[in-house]
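Listed next as C-alpha cells is one chain, alone, in the form predicted alone.
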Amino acid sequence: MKIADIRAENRDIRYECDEIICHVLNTDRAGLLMRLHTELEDDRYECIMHGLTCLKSGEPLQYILKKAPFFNRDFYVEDGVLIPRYDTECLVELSLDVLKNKSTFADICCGSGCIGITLLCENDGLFGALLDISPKALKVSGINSERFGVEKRCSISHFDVMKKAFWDTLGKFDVILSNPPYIPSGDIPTLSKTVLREPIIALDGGEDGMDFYKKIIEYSTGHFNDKVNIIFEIGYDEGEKMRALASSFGLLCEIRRDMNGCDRVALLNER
C-alpha cells in the first residue's frame, strides 16, 4: 500500500497518522510528502498499521512514538509514566527564574524527569534530586538524564511523598518543586479514554485534589538551605484552594497563570 492511501483512510486523524508514518520511516513531514506515492515495504506497512490500531484503541500517541515534546526537547516516555504536557512548561519557566542564583533543587513526583532534567539542561550550575514512587518513572528518568547528558548532576531515587520516613532521609535544597497528582478522585472517571491510559497514581490527588500538596508542605519543613521555596503545578481551578492551604501553614502564595489565563503554578514562600 502507498502512504497516500493510508493517509486517505485516516483523514480524521491526519496529524497522528502522519506522526506515526514519519516515526516508522524515520523521516520528517517534508520527507513524508515526497514519498506519498511510494509503495511501502511489508514490515513498515505492518508497523504503521499496528501504531494506528493502538491509537484508535485509545493509546496515547506519545506512548506509540516513545517520545513527547517538552521545552524544545523530545523526552523518552513509555506506558506507565505520565506524559509531559505543554502546561508544565510554566512551572519550568518560573523555576528557572527562582533558581537563577541557587544551586540545588528536589523534583518530587518527577515522572519522566522532564521538569528536573530541563532545569539541568538550561542551567549547568544546578544539581537536582529526582524523586518518585514509581519504578517505571525512575527508569524513564534515568534514560532521559543520560539522553541529555545530565546524569552526573542529578540523583534519581525512590521516594514516597506520603510517608514521613522517606522525608527523614532527605537532605536540604534551595528549592523544592513538584507536579504532583492533583485531580480530585471523583473527577477521574470523567477523564478521556486516552488520559485514562496514563497511570492513575500520577493523576489522583485525593478527594479534593490537594492530598499531595498538603504532605509536601507539611513534611518539607526543615529541608531548605535557607527560606522556604516551593513551586507547584496546580489545576486550573485550584488557585484559591492553594492560597488557603499555604496560609494555613503561614506561607505566602503567588499564583501564576498559563497562556490560556488559567491558574497553573503556585510559588510558596515564608512570610
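Start at 1 and count along the sequence shown; that's the residue number. Just so it is clear, the model here is predicted, and its values are computed rather than measured.
Only in words, not in the display: the form predicted together with glutamine (GLN), which the text now covers.
Undergrad: Is there a heavy atom of Ile64 lying 4.5 Å or less from a heavy atom of glutamine (GLN) in the model of the complex?
TA: Heavy-atom contact with glutamine (GLN) at 4.5 Å: absent for Ile64.
Undergrad: Evaluate Arg85 for contact with glutamine (GLN) in the model of the complex, applying a 4.5 angstroms cut-off between non-hydrogen atoms, and reply yes or no.
TA: Yes.
Undergrad: Against glutamine (GLN) in the model of the complex, would Phe173 count as a contact residue? Criterion: heavy atoms within 4.5 Å.
TA: Phe173: no, not in contact with glutamine (GLN) in the model of the complex.
Undergrad: Would Glu233 count as touching glutamine (GLN) in the model of the complex under a 4.5 Å heavy atom rule?
TA: Yes, Glu233 sits close enough to glutamine (GLN) in the model of the complex that at least one of its heavy atoms falls within 4.5 Å.
Undergrad: For the interface check, one of 194-202, 95-103, 154-162, 126-134 should have non-hydrogen atoms within 4.5 Å of glutamine (GLN) in the model of the complex; which one?
TA: Careful reading of the contacts points to 194-202.
Undergrad: Have a look at Trp167, Tyr76, Tyr182, Phe71 for me and say which one sits with a heavy atom within 4.5 Å of glutamine (GLN) in the model of the complex.
TA: Of the candidates Trp167, Tyr76, Tyr182, Phe71, Tyr182 is the one lying within 4.5 Å of glutamine (GLN) in the model of the complex.
Undergrad: Could you run down 133-171 and flag each residue that has a heavy atom within 4.5 Å of glutamine (GLN) in the model of the complex?
TA: If the 4.5 Å heavy-atom criterion is applied to glutamine (GLN) in the model of the complex, 133-171 yields nothing.
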